[in-house]
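Given as structure tokens, the chain that follows is alone and in the form predicted alone.
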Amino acid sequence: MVAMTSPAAGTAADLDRDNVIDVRNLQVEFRTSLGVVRAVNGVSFGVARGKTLGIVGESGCGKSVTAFAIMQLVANPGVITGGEIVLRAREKAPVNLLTYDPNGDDMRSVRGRHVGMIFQEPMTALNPCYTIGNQIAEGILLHRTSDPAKADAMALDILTRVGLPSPSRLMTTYPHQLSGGMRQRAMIALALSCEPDLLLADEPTTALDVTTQAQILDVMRELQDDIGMSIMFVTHNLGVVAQMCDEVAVMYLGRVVEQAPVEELFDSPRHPYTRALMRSIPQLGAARKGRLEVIQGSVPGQFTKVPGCAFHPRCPDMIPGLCDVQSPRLLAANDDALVSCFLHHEPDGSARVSDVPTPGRVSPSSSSAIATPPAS
């Protein structure tokens, strides 16, 4: 892996050319009558070509808003107020997507063709007035061919590849006639129909039974191998992260607090928030000792401005006079990992020798066995 450096904002020329997309210092606000909500507050990360990056964190931490910002689909009153999103797509020069008009032809040419998205709830994302076949063929006609017969053939092929039964019949089926799992597969087919460089998967297995969840994850992995695309996988399920991802970014209150390869994150979590998340995972075969650990306190209100580190009110390792005053930067912990914590860095950015013990290894395979069933 390429050595990781602090992901400060910079020009497109400064960013990692091995990444299909680089997000730098992204900021998204929701301006309401009650005040301003900073849903994404300086998020930076990259997604390597052909790899899967997991974005994890509690509800409300900004995971989904980050995905919508990449697509320039942040709904009113949301506003992207800063940062850059550099896309390096096939057959396309590197471009900062935030220079495009969200409603313009340039951005429309990116959506679907170069960046696809699986939305969290397919029943609201799919148009109830059109058949599944029509909706998939529409994108293909826009981006891949002008021949309706070829578009229908491509739509039928992708429905077959996602494992839907009787794909020919489903071409003329409406979304409300499908089960939740079938709608989710149809949503995946729609997102992958133009073979995008990057797939944004926003909680693609939420509300599905565990068997269907495992099947859908298998489909995504197989199609990733076939197409060679990258995936940004948004989820709160650490078992799915262990099963699907190559690298993980942990978000808290609109910021990335830690990013590392999946094995290293489970083996040696550095940020106190990440360690707390790990301790909350049920362990397969572990002796029952009472209730699972929980993270003390609660997430601050959406209009609350927390001075210093956003996690310090809930952090058992908080350093008084430092964590509650200054905000840590996301800096390199080693060649492969980044962490935003004064336990690992001095305020000037130099390394700190931490005396905070790291908990024992949390095996990705064991957490996956609890949170996600074996592939069927």
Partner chain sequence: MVTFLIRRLLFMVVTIVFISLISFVLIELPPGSALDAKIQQFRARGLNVTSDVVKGLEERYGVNDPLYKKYWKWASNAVVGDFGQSFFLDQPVNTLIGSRIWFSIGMSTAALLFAWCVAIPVGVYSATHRNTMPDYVITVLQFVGVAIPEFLLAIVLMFIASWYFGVEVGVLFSREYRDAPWSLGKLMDLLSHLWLPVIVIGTHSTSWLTRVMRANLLDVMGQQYVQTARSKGLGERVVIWKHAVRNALHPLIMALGGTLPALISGEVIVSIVLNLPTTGPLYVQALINKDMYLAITFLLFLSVLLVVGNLLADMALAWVDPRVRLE
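What you see is a predicted model, and the numbers here were worked out from it, not measured in a lab. Residue numbers count along the first chain shown, from 1.
Although it is not shown, the form predicted in complex with the partner chain is what the next lines describe.
- Contact check for Glu138: a non-hydrogen atom falls within 4.5 Å of the partner chain in the predicted bound form.
- With a 4.5 Å cutoff on heavy atoms, Gln224 does not count as touching the partner chain in the predicted bound form; it lies far away.
- Not displayed here, the partner chain is approached by Arg111 to within 4.5 Å at the level of heavy atoms in the predicted bound form.
- Although the partner is absent here, Tyr252 lies well away from the partner chain in the predicted bound form, with no heavy atom inside 4.5 Å.
- A heavy atom within 4.5 Å of the partner chain in the predicted bound form is found for exactly one of Leu98, Ile295, Leu73, Leu208: Leu73.
- The partner is absent here; in the predicted bound form, the one residue of Val241, Leu190, Ile231, Val257 having a heavy atom within 4.5 Å of the partner chain is Leu190.
- Per the 4.5 Å heavy atom criterion, the partner chain in the predicted bound form is contacted by stretch 124-132, the sole one of 124-132, 148-156, 244-252, 268-276.
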